[in-house]
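Coming up is one lone chain in structure tokens, specifically the form predicted on its own.
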Amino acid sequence: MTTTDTAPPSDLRRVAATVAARIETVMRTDLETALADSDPLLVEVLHYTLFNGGKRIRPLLTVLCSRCCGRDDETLYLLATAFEYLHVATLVHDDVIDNAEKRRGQATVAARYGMPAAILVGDWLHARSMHLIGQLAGAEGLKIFCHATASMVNGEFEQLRAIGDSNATQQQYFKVIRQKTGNLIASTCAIGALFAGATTTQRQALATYGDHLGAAFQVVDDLLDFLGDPRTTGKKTGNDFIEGKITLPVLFALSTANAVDRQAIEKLIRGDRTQPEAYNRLHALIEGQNGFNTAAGTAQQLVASAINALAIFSETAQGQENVVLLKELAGYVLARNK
């Protein structure tokens, strides 16, 4: 895996920038309406957390998937906004759980405004996202959305159960990341298709694309925690190890190590993970077992599966441009460095 700066293709950059700008405009309008009688601090905190340079990938997926199935209108961007609200809510709550001080190079909501404000703002964003999904995608859309969010919470609990457990399996790992990330990205795609009146086959194909894409995204995240440049990622390397998360590079190293090296990895996992020398030793052991390259290969396979799921759209002229953009987005997820 390389961590050199890899930009998305020019067409994807152009479309992503256009969609992001439109989403930001819609969010500001929606907030103005939804917060008309709200406390000024709630308004301030929401603007602080929503307008700080996010990539808006989830709304982009909603828009592209709807376009693939033939619908692109103003209401679509309000629907897509719901997924940005949910995404930001999860980030705010994750930072509370992790006691994080920084997010995207800035103070987290909890660090700047306090933990109660962070929890409440996350709750508001989650509630607003559910309101918009129910209003715009109906009962079926809300069912997909709620299943994904419930699955995400369960995945977090299963991950907590596996903290510091060197006997965790790859099967458990993939179950967790599909619940935490894959299902949520899949719901983004499926609801975009549902909104456009897609066929069941189209919806399933786009959901499958999202599931594999989300899993690949998480594997790349795991790699960046070891291989990323903190100046680019905005996060210190080794956080997952310090928190005791058994990620895919570690699992591959455990599965191929000889008895001596496996014992060394297990000792590091059970020991004081805050020490820099512990992280450096684990990094060397994973590299010695080719764990990073093997995990990167898994991410490549997941992206290939995501792209293959789009094959049913290959003869659909109306959505072909957007199918190409979805494929380019999958490639960018694989090559990203932050």
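In case it trips you up, residue 1 is the first one in the sequence shown, and so on. Model, not experiment: these values are computed from the prediction.
One more form of this protein should be noted, the form predicted in complex with another copy of the chain, which is absent from this view; the next part is about it.
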Contact stretch among 269-277, 50-58, 292-300, 31-39 - heavy atom within 4.5 Å of another copy of the chain in the model of the complex: 31-39
Val121 within 4.5 Å of another copy of the chain in the model of the complex, heavy atoms: yes
Non-hydrogen atom contact Thr149 with another copy of the chain in the model of the complex at 4.5 angstroms: yes
Lys175, heavy atom within 4.5 angstroms of another copy of the chain in the model of the complex: yes
Exercise: His93 in contact with another copy of the chain in the model of the complex, heavy atom 4.5 Å: yes
Residue among Pro230, Gly244, Gly197, Gly134 with a heavy atom within 4.5 Å of another copy of the chain in the model of the complex: Gly134
In the model of the complex, the residue from Asp72, Asp261, Glu158, Asp165 that sits within 4.5 Å of another copy of the chain by heavy atoms: Glu158
Heavy atom of each of Ile265, Gly288 and Ala304 within 4.5 Å of another copy of the chain in the model of the complex: no
Residues within 4.5 Å of another copy of the chain in the model of the complex, restricted to 86-119 and counted by heavy atom: His93, Val96, Ile97, Met115, Pro116, Ala117, Ile119
